[in-house]
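One chain comes next, on its own, written as structure tokens: the form predicted alone.
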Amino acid sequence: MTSVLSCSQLPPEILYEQIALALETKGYVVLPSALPVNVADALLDHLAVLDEHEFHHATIGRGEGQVQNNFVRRDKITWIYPNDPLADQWHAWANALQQYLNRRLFLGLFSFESHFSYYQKGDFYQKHLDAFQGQSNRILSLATYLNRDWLPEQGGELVIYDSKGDELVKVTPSFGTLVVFLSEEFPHEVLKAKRSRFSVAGWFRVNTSTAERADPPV
């Protein structure tokens, strides 16, 4: 009998090629249980040592334009910094994906930023874009989930829409599921969660630094 590999057991370049091909053909991909088990477990271990006070209410906008708006989003976040040794496996995996996509799709991705997201019961994030056409350096959005035994009736799904507002896919936030999509192309939202929900949101960026203004990832 031939055994069937789960996505998380695939050789890295096969997984990366699945992502690249989907981005090339339709602009997004959803891969259940795709994040390598060692990386997912390391993220879960990292999350376990964080105190709740390290999470702060998420804002909308960037830079001086950031504001908190509980009508738009109610999650809390804490950034995952590149120099944090607890995040070494996560950043190594994301860096390898970045290099592969640059070779394969010539995207010119320069850096990666990410944070943990914590949705308490009743929290949500209304429909939004991660980047507006030509106005941001975020090129690719990435999400993965750290929730074991999540049931469909517990809500908290990520819903991705096309440019006309039609639903493309609804993603249950199950442990290790991986979502990647073009940041400027796909409005999306997180539906109200009915239990505590943990995820990682990340963005691959191009470099828009100038002589007058540095543009660090975080």
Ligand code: OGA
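These figures come from a predicted structure and were not determined experimentally. Residues carry their position along the shown sequence, with the first being 1.
We do not show the form predicted in complex with the ligand, though everything after this point is about it.
This chain is drawn without the ligand; in the predicted complex, the residue among 93, 125, 110, 100 with a heavy atom within 4.5 Å of it is 125. Mapping the unseen interface onto this chain, residue 190 counts among the residues with a heavy atom inside 4.5 Å of the ligand in the predicted complex. At the 4.5 Å threshold, heavy atoms of residue 201 reach the ligand in the predicted complex. Contact annotation for residue 39: none of its heavy atoms lies within 4.5 Å of the ligand in the predicted complex. At least one heavy atom of residue 115 is located within 4.5 Å of the ligand in the predicted complex.
Of the stretches 161 to 169, 27 to 35, 43 to 51, 182 to 190, only 182 to 190 has residues with a heavy atom within 4.5 Å of the ligand in the predicted complex.
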